[in-house]
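One chain follows as C-alpha cells, the form predicted alone.
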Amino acid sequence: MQSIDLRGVTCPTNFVMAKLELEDIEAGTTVEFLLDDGEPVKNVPRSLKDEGHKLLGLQERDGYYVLTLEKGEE
C-alpha cells in the first residue's frame, strides 16, 4: 500500500497535494495519508470524500493520524 506523508503541511496545501498524488494512482487502489492533528485531520478526509474517494479508516498513531482510503472513479 502506498503511504503519503503530509505531516507538517498546512491546510489547504495538504488537500491540494493529496489530490495531486491521487491523480497518478489507479481507481480502486488503497492509499494511506499521514496527517497532523487539528485542521488537517478534520478537513482532508472530508474534502477527499467530497471528491468521490471512499474513506476506509482513520487511526491515531503517535501524535498523528493515518487516513486510509480507496481512490474513487474520476
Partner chain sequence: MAEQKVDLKNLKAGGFIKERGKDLFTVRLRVPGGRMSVDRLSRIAAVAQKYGKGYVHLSVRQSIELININFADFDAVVAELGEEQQKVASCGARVRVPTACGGCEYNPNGLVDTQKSALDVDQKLFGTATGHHKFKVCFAGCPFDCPKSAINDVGFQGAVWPKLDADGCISCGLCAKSCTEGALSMGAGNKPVFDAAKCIYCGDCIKVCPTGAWSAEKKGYTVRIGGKWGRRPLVGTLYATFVPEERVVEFIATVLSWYQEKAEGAGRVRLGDIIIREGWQSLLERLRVDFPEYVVKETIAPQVVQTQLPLPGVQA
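This is a predicted model, so every value here is computed, not measured. Positions refer to the first chain, counted from 1.
Although not depicted, the form predicted in complex with its partner chain is the subject of the following passage.
Among residues of the shown chain, Asp62 is not one whose heavy atoms approach its partner chain to within 4.5 Å in the model of the complex.
Residue contact with its partner chain in the model of the complex: Gly57 places no heavy atom within 4.5 Å of it. Among residues of the shown chain, Cys11 is one whose heavy atoms approach its partner chain to within 4.5 Å in the model of the complex. Remark: Ile25 does not count among the residues lining its partner chain in the model of the complex, judged by a heavy atom distance of 4.5 Å or less. Shown without its partner, the chain has Thr10, Cys11, Pro12, Thr13, Phe15, Val16, Met17, Lys19, Leu20, Glu21 in segment 4 to 21 as residues with a non-hydrogen atom within 4.5 angstroms of its partner chain in the model of the complex.
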